[in-house]
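Only one chain is shown below, in structure tokens, and it's the form predicted on its own.
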């Protein structure tokens, strides 16, 4: 790539080393520890933190790194393992060296205002995402035959995606038109009485950790659909959990996307207050609700992104890296859809004809 503009930088990449053999080590979701593929050793977060602290001290004692370059919107980093150049764009916070395969955690993308508060570690592995894709055919007769073959997977990546988590309190009340219906019979006469009420419900409702995707790279409809995450497993952020995975830093201003969270809180509050009114029918006619943010956190949440290429068209799927929820838009086989439509129409017509015949014969 041509060097369009060069700026002096002292960008650094971090990586996790095995405390036993000093080889590159990755977090293993299956065992919930860091497992070395070279010597087979396993380590806890405390043990990895001690190793990283020692490595940081050694790095400070070295000569300052040579300034790196900026290439037309991309930044180069030096791999701490093999010394090769790693090129990443401005949003990438963790990537891999194409030469030695080691994880490169880009320190400048995860410090200062970009330093995450919390993280949910991966619990699902790459094979879980692959198996989920291969199992899409169950209960989906209109899916094209062979669409979910594993060879159609163009790319599969475990990515820590930046989310903003908002605590919001909704206060106020809603006004509803409500009805109750009474029915009774006296002799041969049937009576119906409809009572109409003006009902008000109000209060303070607190919503905790409403998530909003903080990256423009990922479609909001997909990120919203893989919810919910189990926040009981959320822990303070530690960069050691990024080893073996990709990561992005946020590029959405939390103040700009806050209305997405507040609207979700307001809509949920309306539903809760409406459900509290125990009437046969009720319709909200007005409300005086106000959403107030009480706290926000910057979180890294685990997602397996699965890119599928089928008949020269890309399809994006995602799996919640904690719960295993797998979603995506599945194409329809036009031929199968037409066939099933004809079959259903034919069966429906046959049933109608049979019923008409039975009614006709019964009348005779």
Partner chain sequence: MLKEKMSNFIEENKMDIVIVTDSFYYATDGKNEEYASDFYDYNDFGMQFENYSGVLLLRNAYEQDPYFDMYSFGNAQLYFTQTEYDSILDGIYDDLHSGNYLDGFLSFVSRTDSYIKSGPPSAMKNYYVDEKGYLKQYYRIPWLISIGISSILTLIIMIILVNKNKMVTKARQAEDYVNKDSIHITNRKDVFVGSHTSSYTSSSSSGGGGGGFSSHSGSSGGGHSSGGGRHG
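The term rigid core refers to the maximal set of C-alpha atoms that superpose within 1.5 Å between the two forms. Since this is a predicted model, take the numbers as computed values, not measurements. Numbering follows the first chain given and starts at 1.
As for the form predicted in complex with its partner chain, it is not shown, yet the points below apply to it.
> Pick from 323-331, 291-299, 29-37, 304-312: which stretch has non-hydrogen atoms within 4.5 Å of its partner chain in the predicted complex?
Replying inline: Going through the listed ranges, the match is 323-331.
> Taking its partner chain in the predicted complex as the reference, which of 272, 82, 87, 156 has a non-hydrogen atom within 4.5 Å?
Replying inline: The residue in contact is 272.
>> Exactly one residue in 149, 251, 173, 128 has a non-hydrogen atom within 4.5 Å of its partner chain in the predicted complex; which is it?
In response: Comparing distances to its partner chain in the predicted complex, the residue within 4.5 Å is 173.
> Could you tell me if residue 284 has a non-hydrogen atom within 4.5 Å of its partner chain in the predicted complex?
Replying inline: No, residue 284 is distant from the partner.
> Is residue 259 one of the residues lying within 4.5 Å of its partner chain in the predicted complex, judged by heavy atom distances?
Replying inline: No - in the predicted complex, heavy atoms of residue 259 and its partner chain never come within 4.5 Å of each other.
> With the cut-off set at 4.5 Å between non-hydrogen atoms, does residue 225 touch its partner chain in the predicted complex?
Replying inline: Although its partner chain is absent here, residue 225 would touch it in the predicted complex, with heavy atoms inside 4.5 Å.
> Would residue 209 count as touching its partner chain in the predicted complex under a 4.5 Å heavy atom rule?
Replying inline: Yes, residue 209 is a contact residue.
>> With the partner left out here, which residues of 189-206 have a non-hydrogen atom within 4.5 Å of its partner chain in the predicted complex?
In response: Contacting residues: 189, 190, 191, 192, 193, 194, 195, 196, 197, 198, 199, 200, 201, 202, 203, 204, 205, 206.
> If we fit on the core, is the Cα of residue 189 displaced 2 Å or more between the shown form and the other one?
Replying inline: Yes: residue 189 shifts by at least 2 Å between the shown form and the other one.
>> With both forms fitted on the core, check whether the Cα of residue 350 differs by 2 Å or more between the shown form and the other one.
In response: Superposed on the core, residue 350 moves its C-alpha 2 Å or more between the shown form and the other one.
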